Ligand SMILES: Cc1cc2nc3c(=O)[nH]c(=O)nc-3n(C[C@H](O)[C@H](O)[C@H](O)COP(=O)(O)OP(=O)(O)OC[C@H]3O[C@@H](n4cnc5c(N)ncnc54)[C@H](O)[C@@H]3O)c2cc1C
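Only one chain is given next, in structure tokens, and it is the form predicted on its own.
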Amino acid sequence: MAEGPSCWGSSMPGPTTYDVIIAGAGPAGSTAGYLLSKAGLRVLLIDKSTFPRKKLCAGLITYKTVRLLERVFGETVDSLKEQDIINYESCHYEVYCKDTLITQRDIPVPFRFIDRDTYDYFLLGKARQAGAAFLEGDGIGLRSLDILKSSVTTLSGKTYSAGIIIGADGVNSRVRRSFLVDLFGRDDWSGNLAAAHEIFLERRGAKKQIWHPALYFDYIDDGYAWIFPNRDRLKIGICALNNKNRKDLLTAFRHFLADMDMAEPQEGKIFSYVVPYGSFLPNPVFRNVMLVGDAAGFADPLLGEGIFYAQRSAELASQAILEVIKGGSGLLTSRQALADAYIKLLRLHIFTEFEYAGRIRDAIFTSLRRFRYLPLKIILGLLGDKPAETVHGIRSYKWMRKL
């Protein structure tokens, strides 16, 4: 790799100058940091949290995520288990409408489960081992972005510049919100977000032990509840699309917990967060600023799976950056080439899946509203393993064709 980012018009790297600055050190930021550092670029990761840090997440990883971890990091299921990254797996799943079982199946490829604090810290370690610099903790959060100077200023007032800036800082991305007008092509961002509540219940205190993932419809409009098992605890949550749900989410969650015979959590133990749920940006790049992961709304519009799409979009952003740098063109040409390359890869590998997943989601929720569970029960029975294979990435959401 060439010494310094000359094609991006910045000076030779110094203490505050880098080829790439990545805001956010979660799965998306760390994946990009790893790939770009490994390729020889000077990368700075910044995050307002101190790692390992707690992160709300259901913690399910699919087969396509495992393949990415092997392709990018050289990690296998066995190696991830040995390092206690994967702490549980299940080949069985169930889907309910309230207390009515719609389907249950045993599948050849298991769903696997991680704790995000461990998983994120593991990926960050990979990026740092590859050579990425890292700043974390109080005062490191992003205060502002100067697009003309290609620089970021932290809450402590320190300024860092780079040829490329990547926003990997989550659904409430400070990088994205630094632009006063919508430059990323989505005017219905907030309407396609989902609100979520979640609790973590230690197994030793649970009245009911569940050892497989289960989804529950009909507790909320245009959303679902879930129970996901880990080795030592249960992750129990509910989410619903903001612009279509008419019920009180917290009340619905408490009803769900009561129906599941789960202990009422102590005050302050119900955590709330926001999930991209069909709000993905069709143009997540402006000049030399790129958005990846939740910052760009890259989560499955059907089930809200975000870990894979965070890492996959970071992989594609890194590929686009390295392709353009390898081309060696001038600054203005490179910026347009960067946008073209990134969007082309997203359209090829992500956007079509999102579009069809969104159609399936709308069809499911419309059917549940009008006819309750019977049509969904019949369809899932006829499809067999295909729905699980689609979620795993073995099949495409586009007509469930095999990939």
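Don't overthink the numbering: it's just position in the shown sequence, from 1. These numbers were taken from a predicted model, which means no experiment stands behind them.
Although not depicted, the form predicted together with the ligand is the subject of the following passage.
Using a 4.5 angstroms threshold between heavy atoms, A225 stays clear of the ligand in the predicted complex. Residue contact check for E353: none of its heavy atoms lie within 4.5 Å of the ligand in the predicted complex. When the ligand is considered in the predicted complex, F122 lies well away from it, no heavy atom lying within 4.5 Å. When contacts are judged by a 4.5 Å heavy atom cut-off, E315 does not count as touching the ligand in the predicted complex. Partner contacts here mean any heavy atom within 4.5 Å of the ligand in the predicted complex, and among 201-209, 214-222, 75-83, 269-277 they occur only in 269-277. Proximity to the ligand in the predicted complex, taken as a non-hydrogen atom within 4.5 angstroms, holds for one residue of L68, I46, A341, L35, which is I46.
This chain is drawn without the ligand; in the predicted complex, the residue among P110, P301, G306, P229 with a heavy atom within 4.5 Å of it is G306. Scanning 151-174 for heavy atoms within 4.5 Å of the ligand in the predicted complex gives A168, D169, G170, R174 in sequence order.
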